[in-house]
Structure formats: structure tokens, C-alpha cells
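There is one chain below, alone, in C-alpha cells, taken in the form predicted on its own.
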Amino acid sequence: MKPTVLLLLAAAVLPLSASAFCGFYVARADSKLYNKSSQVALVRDGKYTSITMASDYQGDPKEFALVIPVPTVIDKEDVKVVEKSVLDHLDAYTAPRLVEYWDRDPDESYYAKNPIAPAPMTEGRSARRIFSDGARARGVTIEKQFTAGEYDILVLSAKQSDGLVLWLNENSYKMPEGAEAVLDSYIRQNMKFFVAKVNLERQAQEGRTWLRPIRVTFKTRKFMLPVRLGTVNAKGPQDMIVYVLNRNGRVESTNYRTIQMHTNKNVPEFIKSDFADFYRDMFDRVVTQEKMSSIITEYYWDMGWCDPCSSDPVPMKELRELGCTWLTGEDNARPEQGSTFITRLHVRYDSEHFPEDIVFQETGDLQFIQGRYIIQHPWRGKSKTEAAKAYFKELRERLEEEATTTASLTGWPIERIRAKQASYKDTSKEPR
């Protein structure tokens, strides 16, 4: 990790227990699949926005500086430190997932060529003085100064970007080369700057060895996510997963193309052990096809219910910690249906392809989306009845269709996929 680091939204598959529905989750494509990744929870309610940020920063905490442009002065009560487990829960709840089913004995039950119908897209159910003296000399005003958990917080305004960068560097908030031009564009918009730095002594007293996410809430007419500062010191593209929570349906970008990820695709059995590579390569292929200029929707649903649920429901206590202040009721209860929606957006970005901050809009769309990939285990009996013969004929066609689908989604050579299909030894059994 280079010694000068600016973080702003900088930019693996785990087994799951079987759920009570027809089919079983076996893996999910969560945020740990990606290096140089960050998670952001973005809550929008009227003109209020809450942003909770967690990055994969691995450097020395004393080198950490988080700088966020904000439209107004932030007060202490507008800032909260959140446990990482809250974002991890959203990740598990919304991540694309692999499910598996089993064919029946063709002599005992009707066999259909495509036994698994796509999941229905159901509509929603019901040292302050020293700071200040030096700041004035650089054209910087310290609007607010306070603490939040293990972080020391400053809220700054500035007249010129060169003075702001110089003052930040002089006060050990290390700014990378290239930050000045981006900061200048925000200064010209009369934006303020929320700056956080780790207080190592306080962190040690609390016994923490990791950086918790920070939530910032502010009032603004603009529904947007600032990402440009996060590209300044990035070594290549970064992945960012954004969980947008609101009361008015699906969210999409207005200044970048928003597309839906491939879903409800039948894939070969060997994908069970290769799901991480499968999903990562499929995502890479989509990014390439879109010329890395689109935002990809991986999930959208009502937080009041799920069909099916890939993790425990996210309780109101956790959602309120992220800024869903409209929710009332027991901490451990889930929201009422129709009260809270979540859109999971995945973006791979750099300064060339994402030169602007991301602007969003609420669509009111209630057509639900989930990333779902299906393994249909063949029946491996020895029957020679007419029903069995018809089944095996259709099975050969189905396996070839699974191979061609996988090749199309990932770009993998079809010969390699067929070879892995042929060599796969099924050791799984249908749960009872």
C-alpha cells in the first residue's frame, strides 16, 4: 500500500444452509469475490441522504484519510460509526446465488424438459486552535470538529483547491497527486468536505484492529453518490457494490446506463465448485461488453419479504443504523411489506469511464430482480422404459444447452465446458 492514500468509496463463495423452499442455495457471489472493492449503503428519504461507507483498505491505519464532498455542513449528530456486520448482512441478503434441484425418476413422475421455471418477478406485497490558524492561512475554514468512534472528524470549506490540498498534507491528511483538480470542481459547486482520520490511541483503547464503516447524513435535492475522488490514486478499475434503500421502489442511474445482470440461467453441475470463477468471469464479460460504462443491477426486492431468503432477514435495528429512520417497531422485526426496498447495484469504475459522480432516481418500479443460477442434477438411474429413454434424450439436449449458455455468459471455451461436464462425478444427494 503506497504511503499516501485517499479513500472515497475506494474501490469467495460461502455455503448456505438449506432454506424451506423447493430448491436449495449452495453458494453466493458476495463482495469478497472482488479485489479493490468497497461497499456503500445509500439511504434516500425525501431530500435526506445517508451514506455508509466500508472499503477494503489494508494499509497502516495512521495513513488512512477519508474525504467526502458534502453539500452542507455536517454536525456531530449526523455522523455514526456502524458495525461492518450490518453491511455484510446486506451483502449476504442480496448477493447473486446458486441453487440446485434434482430430477425425479422418469418412471415415477412427469419429466419436463425445463422443469425449473424462472423465479416469478412478483409485484410488491401489501488541537483546534492550531488547526484554525493554519487553515486561515491556506484559505480553509474549519466549519466543525468532533469525534465519532475511533475517528477524528473535520468539516471543511475552502476557497481554492491548492490551499486545501496543502493544508491537508501539512496536517498529515495525505493527499495523492491529482486530487487538486477534482477538489477544485467541488469547491466551485460550493461543496464542503467531510474528513475523517483514525485516532490510533482511541482505536487501541477500544481494542479494535479494523476500521468500521462511517455513516454521514445530510439534506440535499441531489440524489447522488460522489465517486470521483476515489479514482485519484486508484491503480486500475475498482469495484463498488451499492445497496440503495428507499421507500419508493427500484433505483437506477440517470447519467449512466443501468442494466440488469443475467439471471435464471441453468448451468452445469460442475459450477457448484466453480461458482466464484463463473460469476466473476460472467461479470467481467458484461463489463467488457458494456465498455465499462454501465451500472449493473444484481438485486431488487421488498425488504418486508423474500422469495426465497438467502440469509436471515435484515431487522429494523440494522436498517435504522443505516439511516432508515422512517421504520418503527421492534428492533428484531423486519419491515412491513411495501415500506422499504433495496436495490443492489454493482459498478466497476475508473476516472476515464466514470468522469462524473453517479446521479440516481427512484423509478417506482415494483418488478423484482434477483441474480439466480440453477443446477438441475440429472436422475442417474438405469431404467430402460420408454419414459426413461425419452428422459435421457431430452437430458442430452439439456446438458448441451447448459454448456452453450455457460460459454455465452463467461466466454469459456465450449470444449472445456463439455469436458468438465463429462468428467463430473456427482456426489451430492437431495436433502430430505
Partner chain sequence: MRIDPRHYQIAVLSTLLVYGMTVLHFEVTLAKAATILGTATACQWLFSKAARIRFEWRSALISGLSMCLLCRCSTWWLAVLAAAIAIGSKFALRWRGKHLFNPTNFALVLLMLVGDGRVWVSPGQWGNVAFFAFLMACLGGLVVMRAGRADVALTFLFSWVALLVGRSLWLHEPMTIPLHRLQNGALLLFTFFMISDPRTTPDSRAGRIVFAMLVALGGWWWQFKMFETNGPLWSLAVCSLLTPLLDFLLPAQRHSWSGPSTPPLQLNLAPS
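Predicted model, so just to flag it, every value in this text is computed and none were measured. Residue numbers count along the first chain shown, from 1.
Keep in mind that the form predicted in complex with the partner chain is missing from the display, and what follows is about it.
Think of it this way: in the predicted bound form, the partner chain has a heavy atom of just one of 169, 273, 189, 147 within 4.5 Å, and the residue is 189. Only one of 84, 202, 222, 136 lies close to the partner chain in the predicted bound form, with a heavy atom inside 4.5 Å, and it is 222. Contact with the partner chain, judged by heavy atoms within 4.5 Å in the predicted bound form, is confined among 312 to 320, 93 to 101, 181 to 189, 298 to 306 to 181 to 189. Put simply, residue 329 is far from the partner chain in the predicted bound form: not one heavy atom of it is within 4.5 Å. At the 4.5 Å threshold, heavy atoms of residue 37 stay clear of the partner chain in the predicted bound form, well away from it. Residue 236 falls outside the set of residues with a heavy atom inside 4.5 Å of the partner chain in the predicted bound form. Among heavy atoms of residue 364, some come within 4.5 Å of the partner chain in the predicted bound form.
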